[in-house]
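Both blocks below hold the same protein chain, though in two forms, and each is given as structure tokens: structure 1 and structure 2.
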Structure 1
């Protein structure tokens, strides 16, 4: 039997018993505590710096540095500011990171595939490499390449020569350097056209293969275009480059590119060290692909190379990318070890020399930490974007 009497409204509880109000209260209190602690630390630091007569702020970036730098990718003189020193240190750090990531990736993928090779000798050589280099600290490997290998090279007059174009001695590696000539702009335009044609050709070939099942030799056609089109541009508009070869003059080489031994040592050490970890990531990614996929591809008549390139690697990349991102981040952070051998990276120049000259430790360290954080976050965002792009999409 149902009652026609109106239902009485449920009694409303207090704010302390309301879960929503309690959650808002705790969040507001947490924000107030964080802001209060931050303000206390900032105010206390400012007060202590003022009491000790230490200047704070970023005005020091406009002051003249007054010291030389061993390697700079942009023009620099001792009269330039600390701000320009920061830019040079940042560029040198990015240079080491990019070179290290490139060489470590190539070497790591080759080693990862070699680790699964049915050839006994190749398999064991890859295993020995991985077990040796991943178990030695990166700083010791940097010292090994710098002090035991590169510092043992001969003087410039007794340099190792490779075709009278490349010279290696205790002061570094000297390479031929291209110098811009009159045909440079048409040459670059022809390269852009070839790259655009390559991308368009690859997309057309993919659609054609999906529709007809027939493959088009995109790689060989693109390589032919890469040789023919820029070659014709050079014939019509003149040479794009003149080559400057290093030449021994007095006690050192003049001309060409000079790669300092510190850069060679840090690039070798970080590439070899990180490649050992990437190889294991590649191996685990390949093993994660179902054996049935390989058998199905083999039953279609595909060769081993095509099976690896078209079937195994694309699926293994979904497993390889997340740990590969961590290895890239480790390599960038390990590049700060370059300061141990005097390579002019961001830590050595800005958090080292500039800090010692200005005494503004908080500003220089904060800027340096922020730069490494920004680089790492950028790499993470890029790799996460790529990982999401190749991930399986459920329909």
Structure 2
């Protein structure tokens, strides 16, 4: 008998007792409630704004800001608009997040592995670290590190100097910054060439391994190329940059790159805090790979480095990724605590100073929240996608 699609539905009950009808009634009611509450709040807000003569709308984004900003990744002067201030805040938040995620991941993996070390002392040290740092509020840690960093550093005049090029003092870490010079173009071209060569080499060596089983020391050769070729370009076509060295003029160092202590403290605190959680995730991820897997790999003659790379980590990653994702999200959200120590992140600059200069609380907070929401959603989407891609195939 060929199956045909269902025709008439079975008889229905009355509106109150039929589950479908009831479900729809309920759903329509809940839509009404949500819309009603939304409208009520909107109405009140409208009324309140009108009553109190508060400006609304997003026109303020074009107004000029008029205040200085401690750190901005793009050019900024006081004449620039609030819109640009928003971008600067967002970039600063992203900077802290990216740095924090990077260091927290590295530190977290190291600690997670240390936590599993057969070496008793290392194991215990890692445990102590994890238990201390994950049980103290991050805000407290941020304050602590900020003032600890400030207290430990000398004034600009007594800076620690490394080869008269790098200076460390309470105002930050000052590094020489490259500035373009005549040989820059050939230099950049040579760099591109080396990188292209690197990729080609890697491809070729993979093919060679597949064909002959021999491995080629790609990394070392490429590193050598990386030094030699641009070096020759520099010699032939002249210096690509001259270095702008930081110099003490007046109160502070001028020139070079400066890494401000606020950034250091917040990155430090967030990395240390989040690493404690990541370490636990890593540990349970590695423990989730059964001992039999390592034994099987060992009995095949694989060395421990290869076992880790080819067998343990790929499997552990599947367990680690989902909790790691939420740690990343937490770190991004916690980066908003930067406001407490004056690091000009999104919350501090935009939901703080701009809000206060313009008085447009609803708009600025709405924008700020949407930005965090968007970051959170995109990180989770990315991670979900990755997670799906690497999921184990089962029956």
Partner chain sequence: GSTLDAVMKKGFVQCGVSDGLPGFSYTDEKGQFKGIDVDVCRAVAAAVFGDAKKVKFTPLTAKERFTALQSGEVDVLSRNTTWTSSRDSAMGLNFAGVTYYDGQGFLVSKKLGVKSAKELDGAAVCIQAGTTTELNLSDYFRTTGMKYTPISYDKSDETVKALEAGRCDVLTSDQSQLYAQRIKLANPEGYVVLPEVISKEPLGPVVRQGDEEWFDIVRWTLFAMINAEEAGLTAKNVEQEAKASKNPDVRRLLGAEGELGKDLKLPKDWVVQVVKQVGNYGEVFDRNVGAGSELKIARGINALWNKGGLQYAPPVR
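Residue numbers count along the first chain shown, from 1. The term rigid core refers to the maximal set of C-alpha atoms that superpose within 1.5 Å between the two forms. Please read all numbers here as calculations on a predicted model, not as lab measurements.
- [ ] Mind telling me which structure is the form predicted in complex with the partner chain?
- [x] That would be structure 2, which is the form predicted in complex with the partner chain.
Task: Rigid core superposition, residue 27 Cα moves 2 angstroms or more between structures 1 and 2 - done: Result for residue 27: yes, a 2 Å-plus shift.
- [ ] Inspect the rigid-core superposition and answer whether the C-alpha of residue 44 shifts by 2 angstroms or more between structures 1 and 2.
- [x] Yes.
Open item on the list: How about residue 245 - superposed on the rigid core, does its CA move between structures 1 and 2 by 2 Å or more?
Closed with: Yes, the C-alpha moves 2 Å or more.
Open item on the list: Using a rigid core fit, what is the CA shift at residue 207 between structures 1 and 2, in angstrom?
Closed with: Residue 207 is displaced by 7.6 Å at its C-alpha.
- [ ] Quote the shift of the Cα of residue 164 between structures 1 and 2 to one decimal place in Å, the two forms being superposed on the rigid core.
- [x] That residue's C-alpha sits 3.1 Å away in the other form.
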